[in-house]
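Only one chain is included here, represented as structure tokens and corresponding to the form predicted on its own.
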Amino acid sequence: MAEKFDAIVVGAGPSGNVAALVMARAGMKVLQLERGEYPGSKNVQGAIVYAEALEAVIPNCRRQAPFERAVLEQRMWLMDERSHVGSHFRGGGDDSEQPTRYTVIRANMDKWLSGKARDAGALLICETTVVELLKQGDRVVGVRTDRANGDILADVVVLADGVNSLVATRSGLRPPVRAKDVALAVKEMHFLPKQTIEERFNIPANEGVVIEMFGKITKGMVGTGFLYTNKESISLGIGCMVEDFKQAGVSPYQLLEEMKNHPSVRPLIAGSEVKEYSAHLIPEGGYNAIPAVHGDGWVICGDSGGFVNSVHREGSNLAMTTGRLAAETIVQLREEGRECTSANLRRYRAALEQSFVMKDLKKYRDVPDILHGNRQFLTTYPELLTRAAHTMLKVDNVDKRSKEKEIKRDFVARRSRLGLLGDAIKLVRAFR
């Protein structure tokens, strides 16, 4: 007879680990299944973790978690082929305010967070693939794994198995991910001495820098480049929508190589040793691409549910928060003696709608379609703005009023007055 658990969590990433931790801490019998060799084995690259979301389940996490550097400096670059114009913020608030963002190595972070779930009583089994969900009618009652006698029963299954969520897709709980709703990002880890990183980025020990890059480096495709400083390495990568890669015929690796050779980027990684290269999918369809998040005997969270804020490049905080809210809903129902039916699990969706997760995703719900339909924001405007900055800052005995007129003529020639007005209206509508 198949063994029975109170809950099964599929996946040991941020959302799955938090869900398992919260339920195990409440005294539930929790089984967590991970197809990798260990939690984080498929995620060797650097990333950003948001401390407030983690603090909600692990108080004083800043003293315990394997953070690399606190992000106290943010740079945003709008780039053409040879230059960039951008903004720069540095500071962490008053002395009593703690940093909210930290760079991490995902393999270390996932392993540590999984350990917290195991310490709370969750049973983790790795190198195990969930083949399908077990059902009685429309109700999910467990999972079937690739192990011998691999059927396992549970009152509820938490799906946190990543962007493709193959388990949910195969079981018909959500449609396959569309190429227009998912980005493919490639990333390299560039290793440098700790002192070199701190001198090069002008940062003291344990403080870090994030640079986010937009514009012509993506060749008109919807996407971004990024750079994070770790203790002794730099995470450098770029990602674009899969549909754009297919249509453009450009390889992600080619895009990354060209970005590495950009005059603004090349000096920052000079002399580094590349030891790791990875590629991963990111759900960036936004609010309109979120599938059903609960049903009879199941909930979905993290990347599996499309919970990524691509406008602000936030993912781990949404993953941990959705994992926590899913688990808290399940714990509440159990304490009330209620079953995890679709009707009862509506509380999870309601909790999501009340959280920053859905509020932010709903706010930016039109951004993906606007960017897909208006490539000038990714090509023409970066070129116009960098050229305008070059014109105004060049000292060549031409008066500034003449320079301003030249810049205005340039913008009108490329977009027309009506086009400029229309673009401004689109941006206001997208970010209102």
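If you're wondering where the values come from, they're calculated on a predicted model, not measured in any experiment. Each residue number is its position in the shown sequence, starting from 1.
The following text describes the form predicted together with a small molecule, which does not appear among the structures shown.
Student: Residue 314 versus the small molecule, in the predicted bound form: is there a non-hydrogen atom within 4.5 Å?
Tutor: Because a heavy atom of residue 314 falls inside 4.5 Å of the small molecule in the predicted bound form, the answer is yes.
Student: Can residue 363 be called a contact residue for the small molecule in the predicted bound form at 4.5 Å between heavy atoms?
Tutor: No, residue 363 stays farther than 4.5 Å from the small molecule in the predicted bound form.
Student: May I ask you to state whether residue 282 is within 4.5 Å of the small molecule in the predicted bound form, using heavy atom distances?
Tutor: Heavy-atom contact with the small molecule at 4.5 Å: present for residue 282.
Student: Is the gap between residue 28 and the small molecule in the predicted bound form 4.5 Å or less for some heavy atom pair?
Tutor: No, no contact at 4.5 Å.
Student: Can you work out which of 65, 58, 48, 407 has a heavy atom no more than 4.5 Å from the small molecule in the predicted bound form?
Tutor: After the contact test, the surviving option is 48.
Student: By the heavy atom within 4.5 Å rule, which residue out of 106, 324, 116, 190 makes contact with the small molecule in the predicted bound form?
Tutor: Selected option: 106.
Student: Of 269 to 277, 156 to 164, 286 to 294, 81 to 89, which is the one stretch near the small molecule in the predicted bound form, taking non-hydrogen atoms within 4.5 angstroms as near?
Tutor: In short, 156 to 164.
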